[in-house]
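We begin with a single chain expressed as structure tokens, specifically the form predicted alone.
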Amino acid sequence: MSESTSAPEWWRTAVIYQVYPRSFADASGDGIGDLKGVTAHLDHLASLGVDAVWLSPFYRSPQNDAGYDVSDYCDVDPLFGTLADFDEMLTTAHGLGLRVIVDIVPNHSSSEHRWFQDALAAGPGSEERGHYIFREGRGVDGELPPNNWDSVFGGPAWTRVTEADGTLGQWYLHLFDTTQPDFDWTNPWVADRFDEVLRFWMDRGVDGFRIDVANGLAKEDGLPDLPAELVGKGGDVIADVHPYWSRDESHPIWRRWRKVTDEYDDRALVGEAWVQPLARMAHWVRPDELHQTFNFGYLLTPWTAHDQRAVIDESLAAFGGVGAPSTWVLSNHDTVRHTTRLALKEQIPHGTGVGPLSPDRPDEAFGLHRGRAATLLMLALPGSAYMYQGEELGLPEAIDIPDDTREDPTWFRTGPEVYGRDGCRVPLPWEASKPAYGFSPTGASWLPQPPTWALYAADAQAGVAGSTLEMYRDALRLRSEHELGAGRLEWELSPAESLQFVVGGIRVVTNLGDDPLPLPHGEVLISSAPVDGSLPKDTTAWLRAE
């Protein structure tokens, strides 16, 4: 492995690239990405300059929620290949100096998992039902859900089962889709099973785990009703006290996981934890808990100088206060791509998406211009950075997806009223002139690709000065050479609606205002748009600090 991937605590400064397997590359020709497709393109990631790859779920699953409904945590779904394909991918990645993090989904399983099927068959009061959250209903005949909790995907968070004798029986909790029943993490059996899952994958050589819904495993004792002001908000909730989000009872779970991972050399636990404020999120990354959590506060921050500086300061203070690195992220598989999101006139709720009838459809060129500036700002910040597949190509959100081709369960569970996440999950364009832009040899694509995406294809940008792909390559090279991830950020005075700081011998300047600004003296190492003595609006430049 390369020096950067053999160093201890590599995760403190790493740039980690998220692969969404079904949309990355399809080797089989069925229109759905697979592990062989990932392996075939790992050289792209190595040449890009990232340190690690994070794979979204590839486990056995009925695919009701794109693999986040797991039916076997220790096997590969045939849709993506085999365990041998995974091992080949892992070996290839390690040979290229890339670490590999895999998704794990501990809040819920698929309703087709044998554990849940055993719970259904065993009946009320059984040991098997205790592995999940089953409750009797309210009302005269138990016809009402046990409480008023919402599903993140819309509608109630409870579904009633039909018992073996044909009668209506208990209800089970699912904070997401009806096919994703929640585990009961107060049951030691559940914790034991996930210890086994962690060891299974680490024994195969994975370098860590991205933990889905890390802020949702613990529920308040007694499962009380939501306060009236939180009803109907699903997952889009920030509250100091909530019956199923960000409970302090989560911390013993992560301390246990940390002990398991500490049995192995240099592994990392990364939590998807929607926790506010950041000072409270830092509790999840104390020295005996998770190594990192995603900085969603940064992802959701408006594009203003005041807001950007505030969240950067807050992040560095909060995470640094517990000895953890801050993380930075602009896009992922659940969020409108930042080249579109940052150009919207108004912020939209997380997970809402943008579609054909959305009133706010930003111009692609404007969105890319601002998105590139945000990228260079992010990649200069100390700590660890996360990239989402395709952002190095400057991909915008795919907006005009026909209704009859959508697959996100949010779309179907909301009436439909919410477009959901399909727009950021459209398969990647690799080669401009090939079927499906090189995503699949047959031209098949599980979500339709926009006709303009030939312009964004990797082969159309490779070696082209000023392209977004080459900008990312240059930025990641400079970030590594100047050790920006391990640097110390020092703010400098700057004009209104701009940011200026020095880190690792580089002066970073971002113009978030409407008018050009004078460019500080110094050699320009990289810029998100052409600069000539002045810094245009929505532009970031890195200069050699004098």
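No experiment lies behind these values; they were computed from the predicted model shown. Sequential numbering from 1, following the sequence displayed.
Here the subject shifts to the form predicted in complex with a small molecule, a form of this protein not shown in this document.
Not displayed here, the small molecule is approached by H108 to within 4.5 Å at the level of heavy atoms in the predicted complex. For D65, a non-hydrogen atom is located within 4.5 Å of the small molecule in the predicted complex, even though that partner is not displayed. When the small molecule is considered in the predicted complex, R210 lines it closely, a heavy atom lying within 4.5 Å.
Within this chain, F153 lines the site of the small molecule in the predicted complex, having a heavy atom no more than 4.5 Å away. Proximity to the small molecule in the predicted complex, defined as a heavy atom within 4.5 Å, singles out one entry of E272, D184, E314, D474, which is E272. Proximity to the small molecule in the predicted complex, defined as a heavy atom within 4.5 Å, singles out one entry of R370, H131, R425, R406, which is R425.
Heavy atoms within 4.5 Å of the small molecule in the predicted complex belong, among the stretches 299 to 307, 160 to 168, 332 to 340, 118 to 126, to residues of 332 to 340.
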